[in-house]
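This document starts with one chain, in the form predicted alone, laid out as C-alpha cells.
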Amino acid sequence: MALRLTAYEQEMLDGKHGEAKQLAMKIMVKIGEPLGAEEMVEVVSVQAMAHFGSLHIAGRDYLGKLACMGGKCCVPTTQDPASIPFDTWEEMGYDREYAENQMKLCDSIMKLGEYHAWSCTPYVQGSVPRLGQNVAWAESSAVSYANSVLGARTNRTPAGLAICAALTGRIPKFGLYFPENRKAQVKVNVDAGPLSDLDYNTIGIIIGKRVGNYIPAIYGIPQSATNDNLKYLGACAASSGSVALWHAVGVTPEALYGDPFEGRDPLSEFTITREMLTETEKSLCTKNPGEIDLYVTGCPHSSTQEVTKLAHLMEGRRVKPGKDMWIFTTAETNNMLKRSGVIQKMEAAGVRMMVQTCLVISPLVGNGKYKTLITDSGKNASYLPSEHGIELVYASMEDCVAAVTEAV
C-alpha cells in the first residue's frame, strides 16, 4: 500500500523545498512502504549519529552530500558521541586520518544545523520530549530512555533514516508510534532484596537476553530508583537484547497507574533473583583477566551525580602509577562540574575526563598498554571485549575505584 502524504510532504517529495528534503523523503517513502506504514508522523526532535566508528566512509559521504545539497534540520537534532575526544585526540595518540574523518562528519552536521551535543544522553542536555510526543531517536540507550522513562514514542531509528527525519520533521508511522504496539508482553518479577547501582545494569542484561525485542513489564523496581538507575537498566536491556521499550510498574509513566498488559495474559513470565544477579555479574567478566590497567565508566554518559559520587570516592586517593581512569561524559556535565571545582580535583588525582566521546565506538588507544579493563557499566561489559579484544572485569563503582587507585 502506498503511503498517504500530506500536501506539504508531497511538495518535499516533488523537490519544491530543495534537493536534500527531496532525497530524504524519497528514502523514507522507499523504506516506509515495505514496513507497512500508511502515513508519516511528525516528530518534535531527532537524535542521530555522526561518529566515524560506525558510519565509516559511506556515512561520512552521505552526510556530506546532504550538507552540500543545502539540507537543514527543521527540528532540534542532536547526535551520538564522537569517535574521538575533540580536545585531546592528538595527545592520546589517535590516528590522524581517522580523526580527520571524524572532523569531516563534524563539519557536515554543523552545516546541517544539528546541535553540537555529541552524547548518548540528549535528555540531560535539554532534549526532553513529553509523554506521548513522537521523536526519531537512533542510539539504543537513548531510545530506551525516551520510550520507557519519558513516555515519548520512537522506534530504534536507523542512522540514515534519522537524518532524513531531521531534514523533514517526518518519519514513517509504524511500530512503537502506535499506542497499541506499546503494551507489555513479558512479565518480569524482581525479587532480589535491596538493589545496588550495579544491580540495575545486571537486571537490564538479564532482561535483554531473556526477552529479545519483546516489551517487558518489570515488577519490583522501587520508587527510589534514580534516573541513572533507569538509564542503565534500559541501556543494558537494549545492548544485550533489542529492547526499545520497557515498563517499570508503578515507576515509569505508561505503567504508573494502569495495567501495562491491559488485561491480556503475558506471553511468558520469569523472576530475577539475587542468585541470578550474582551469576550474571560473574559471567560478564572474561575468562582470563590479568592485572587491571584501566577503569572506564560512563556508558551511557555519566551524569553530574555520578561524577560527583566518583569524586567523593576519590577523596584522599589518586590513580596508581601505570594505571588509568577514564570518565566518559557530556560537555555540559564537565563544564558544570568544572565551575564547581570537582573536575580540577579529579584531574589532579590522575583521572582523565573523556568528553563527548565513547569507547564503544572508538579505537582503544594506548599502544597496546591496556590488556584488562574494569567497568561498572553493563553496556561496556557487553561490548568492549569483542570490540577491542581485551579482558574485562565487571564490578561496582567502589570496587572499580579501589582497583586503580591508592591512598595519598
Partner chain sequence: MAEKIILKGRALAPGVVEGEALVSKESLVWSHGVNPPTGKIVDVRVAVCGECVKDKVLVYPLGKGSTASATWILENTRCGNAPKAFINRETELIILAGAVLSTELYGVTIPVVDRLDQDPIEVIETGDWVKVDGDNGIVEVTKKK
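Residue numbers count along the first chain shown, from 1. Only a predicted model underlies this, so the values are computations on that prediction, with no experimental measurement involved.
Note that the form predicted in complex with its partner chain isn't included here; everything after this is about it.
Of the residues 40, 374, 351, 55, just one reaches its partner chain in the predicted bound form with a heavy atom at 4.5 Å or closer; this is 55. In terms of contact with its partner chain in the predicted bound form, the residue from 174, 115, 261, 219 that brings a heavy atom within 4.5 Å is 174.
Across the options 328-336, 188-196, 156-164, 253-261, residues that bring heavy atoms within 4.5 Å of its partner chain in the predicted bound form belong to 156-164. Proximity of residue 342 to its partner chain in the predicted bound form: non-hydrogen atoms within 4.5 Å are absent; the residue sits far from the partner. Residue contact with its partner chain in the predicted bound form: residue 9 places no heavy atom within 4.5 Å of it.
Residue contact with its partner chain in the predicted bound form: residue 202 places no heavy atom within 4.5 Å of it.
Although the partner is absent here, residue 393 is not a contact residue: none of its heavy atoms lies within 4.5 angstroms of its partner chain in the predicted bound form. Taking its partner chain as it sits in the predicted bound form, the stretch 131-149 comes within 4.5 angstroms of it through a non-hydrogen atom at 138, 139, 140.
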